[in-house]
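Next up: just one chain, as structure tokens, the form predicted alone.
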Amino acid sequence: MANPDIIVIGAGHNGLVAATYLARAGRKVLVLERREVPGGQLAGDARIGAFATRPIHAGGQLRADIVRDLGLANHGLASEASADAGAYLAPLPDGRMLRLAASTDAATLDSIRALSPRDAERWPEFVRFMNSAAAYLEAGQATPMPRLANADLLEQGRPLAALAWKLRRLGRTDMFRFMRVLTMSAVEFAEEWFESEPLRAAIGAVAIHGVSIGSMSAGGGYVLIHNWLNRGGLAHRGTRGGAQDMVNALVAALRARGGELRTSAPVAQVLVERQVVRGVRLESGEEILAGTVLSDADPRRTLLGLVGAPELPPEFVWQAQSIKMRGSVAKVHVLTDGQHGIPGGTVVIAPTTKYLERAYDAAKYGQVSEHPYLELTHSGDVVSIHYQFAPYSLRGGDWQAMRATLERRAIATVSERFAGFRDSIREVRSITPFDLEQTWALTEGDLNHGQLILDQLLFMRPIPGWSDHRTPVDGLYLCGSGVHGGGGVSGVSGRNAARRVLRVSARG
């Protein structure tokens, strides 16, 4: 493409969503992807194993309005989520299995009733509240966050006023519940609803999934609602056809609207002149000029790596350096002979809320949890293990030496619950936080491009005063998971960033 209007750095799902919205609006869009394949965290990594590895995320789906707006159904993406996400399962000490679904089906209620009749009575109200809270959070993620600048505070305040009205319409009880839960820990929230410890722990695990907090850390309530929204409940749910169909549909939709995607085109530098973006320079030395650049990379990598501190105000540089990453998630993919004995759905190994907190304790001191919180999913003969906690920064070691320990502990923890698992193993491949940084360009291995913690949410994400996708460099925008609405797989931050670009350009 000669003389693009807009360059998008990174072909992760948010970058592709943003690019396709902009191409739909008639802009000439060029997407530059550093890897050989598009998809970002939705793409596997062929180099780490002889068997087909799974993406980093066990599930995920684009928001329904994104699928509709971009016509992705016309490019092979089902317009609805997979019909059956499977149950959310937690092994119990006596060998039974706690079976949960984000519904009031008889199997879920019977499973809970076996632990506590009172908890079974409360479950329908819990599901109703969580669905209501998730719907409100979805509205919040679609609402532009203000930069709190006096010049346009009135204009920016209107969407917030509409959002406040939606909160009031939840009703007095749910409104106060929602406001309280955002800052609560997983333990506090679960204890308010239920008396059974296995049920509390199963819910508490979702409240810390993918984030470096423990079950007793403030903000677990927000993470629980965020993950419930992205999953569509407790168990992982994906679009029919899986992550690859999502990527293929986005690429096809982009190209159908005249956009271009170049892979194996790593960007080395964002070109800036007098705090105005000029384009990008690739690692090959090629320069591509454009008046607007969007980055799907994380904010710290974009601002301090691709732009560079000399091009930014000193206070802004300090704030960018202070963005908390702290990745502590690893993945272990296991090829089996199919006789692993693990049921379908999402299996969580989190016996108690104290177990979750102790798993997190290890990461606080730079250690890989000896008794980790795990989530298990499988597709065919491949079992995928989500491992928390495995910190990016290890005390007294490195990930090259620790990889074998990670794999051994994951296998041992699963084998304690599923006796046939160890004998079924044929090959093991792991993705450490260091791999996430080196292969997927995730700073400190943080899947969310910045921790989903209380001081990095809403108008404080990624940096207080810069929550509307813009940066101090005119024409440079952030569209990845590190901005408001990001985290997990949804496409929200890419959609919002594209809308911001179009809004700014409409003003001239």
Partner chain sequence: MNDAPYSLYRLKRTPFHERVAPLCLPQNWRRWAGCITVGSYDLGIDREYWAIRDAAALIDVSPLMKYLVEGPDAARLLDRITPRNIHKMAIGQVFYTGWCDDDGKLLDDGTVTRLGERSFRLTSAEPSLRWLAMNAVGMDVTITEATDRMAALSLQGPKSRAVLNRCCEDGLDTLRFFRMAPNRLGGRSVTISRTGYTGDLGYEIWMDAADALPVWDAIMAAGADHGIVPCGILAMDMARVEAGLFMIDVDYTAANHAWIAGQKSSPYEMGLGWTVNLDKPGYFVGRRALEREHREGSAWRLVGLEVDWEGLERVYAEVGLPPQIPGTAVRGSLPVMRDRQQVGYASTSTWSPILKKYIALVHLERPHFEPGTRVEIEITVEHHRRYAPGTVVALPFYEPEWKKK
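If you're wondering where the values come from, they're calculated on a predicted model, not measured in any experiment. Numbering follows the first chain given and starts at 1.
Omitted from view is the form predicted together with its partner chain, to which the following refers.
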Give a yes or no on whether each residue among V317, Q321 and P472 has a heavy atom within 4.5 Å of its partner chain in the predicted bound form.
-> yes
Touches its partner chain in the predicted bound form: E311 (any heavy atom, 4.5 Å) | yes
is_contact(D110, its partner chain) in the predicted bound form, heavy atom dist at most 4.5 Å = no
Exercise: V276 in contact with its partner chain in the predicted bound form, heavy atom 4.5 Å | yes
Name the stretch, out of 267-275, 331-339, 88-96, 124-132, where some heavy atom lies within 4.5 Å of its partner chain in the predicted bound form.
-> 267-275
